[in-house]
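Okay, so we've got the same protein chain twice, two forms, each given alone as structure tokens, structure 1 and structure 2.
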Structure 1
Amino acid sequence: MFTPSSKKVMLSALVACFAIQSGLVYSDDVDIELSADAVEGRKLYHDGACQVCHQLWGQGGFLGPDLTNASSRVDETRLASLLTVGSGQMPAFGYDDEQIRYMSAFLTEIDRPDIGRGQLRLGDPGMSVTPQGAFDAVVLETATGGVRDGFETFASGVCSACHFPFQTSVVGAPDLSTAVERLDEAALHDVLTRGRPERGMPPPAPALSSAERDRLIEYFGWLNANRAELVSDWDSRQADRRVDWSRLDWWEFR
């Protein structure tokens, strides 16, 4: 049981931490100059209360993905679909072309690795190595032909927004390297066409062509057949990483 004096000490420590945190936030001299279009996009971001579900530099809600580097992984077609008809738990905002242009400008201009990254980098920030980056390097150095095309479809944002390599993601999306063990080819085509709304997976938007689905399934099969080697290579690329706290901004994921 906490004594009255220990409770006072704990409360004082929490207040001190809050005061220090506030001081560091408001003394930080990092700023981003936005274009006129990007400023309009930032207004839309706040007017739509996007921060309730999404984060920028690790700050915000956790229902949706961090959008700090969204422009690097979501193409314009996918972004337009998300901002008009929504996806899964994301509501349909019905943005027109001008509003989509504003939001695209905002997301593009804040996507600056020199300022910060939305994904915690458990390694030397100077190396620009993340678990996702290490995985991408493994695949791009190994995959060829239709497998590589399938990976590029996967990485375009249709799948990578929710799925993470070799493990269940924080939003509950399963490991796709074992997809071919759980589902046959017909079932995979069905999921890649209609999604699994009852499990929180919406239909891909924009819809995947038959060729894109074929390449994705080929990629999933390759992941499964080479899983052990890929995991070993993926782990080895991250083995020498270290956390250099002196180079990490305290208030954001770098």
Structure 2
Amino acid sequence: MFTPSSKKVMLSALVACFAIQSGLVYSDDVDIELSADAVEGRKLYHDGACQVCHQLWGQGGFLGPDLTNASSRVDETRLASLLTVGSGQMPAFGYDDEQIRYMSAFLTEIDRPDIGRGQLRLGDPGMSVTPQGAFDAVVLETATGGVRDGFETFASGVCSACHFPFQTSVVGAPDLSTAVERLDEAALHDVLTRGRPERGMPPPAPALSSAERDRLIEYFGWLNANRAELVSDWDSRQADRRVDWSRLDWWEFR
């Protein structure tokens, strides 16, 4: 029904459409030009696997905040402190001044509200739906005395960057609520002093005093003795605040 010449016309029209479409897709005029310093910062961003915990334009991990517009929120002093000693679940990277400058350049240059805002909005941001947030809330509600001190020592270090509540984490850090079933007190003191660097557990820094180690062990024992109740409380808290993924707009950045 088509003559050879009408086939040719149709084929050329399709090829032309393809070329125009590709042109439109790839001639993206909002490409962000990065300075040499910012390019170094981007390399550090990849080397440090920041995207495991952070998002840029909504893409990445969810343990830490979206960093697309972080430079508008985070001043130089706080950025320097985050990138050297870390904060909460943000591990210490021990950056030197030059590395801090590179990362700062990267975060500043990608922060372009005219191009996009990267904040993912999942319900009420004041409510913690993360497993870690739910766990902290459960413990803070029930733990007292030495147990609470132990929890606070745990929470003030970088421990929870690797040890997750009631499960072995992606980096192989075990569930500490069952540690007392595996290790006796002497072995626990030993891990809490020297770590197990050859197996991915760094020695705690700053070093823990023997009283702090005692409190931590008391806390691990308490987690173990109350494990069933704690797990169910922790589960129900997350169920109450479950995120409705169908409401999530993946194209938040405008």
Ligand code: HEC
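Think of the rigid core as the biggest set of C-alphas that the two forms share within 1.5 Å after superposition. For numbering, take structure 1's sequence and count from 1. Not measured: the values here are computed from a predicted model.
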Shown alone, the chain in the form predicted in complex with ligand HEC appears as structure 2
Please state whether residue 54 has a C-alpha shift of 2 Å or more between structures 1 and 2, with the rigid core used for the fit. yes
Task: Threshold 2 Å Cα movement between structures 1 and 2 for residue 177, core superposed - done: no
Discussion item. Aligned on the rigid core, do the two forms place the Cα of residue 142 2 Å or more apart, comparing between structures 1 and 2?
Written reply: no
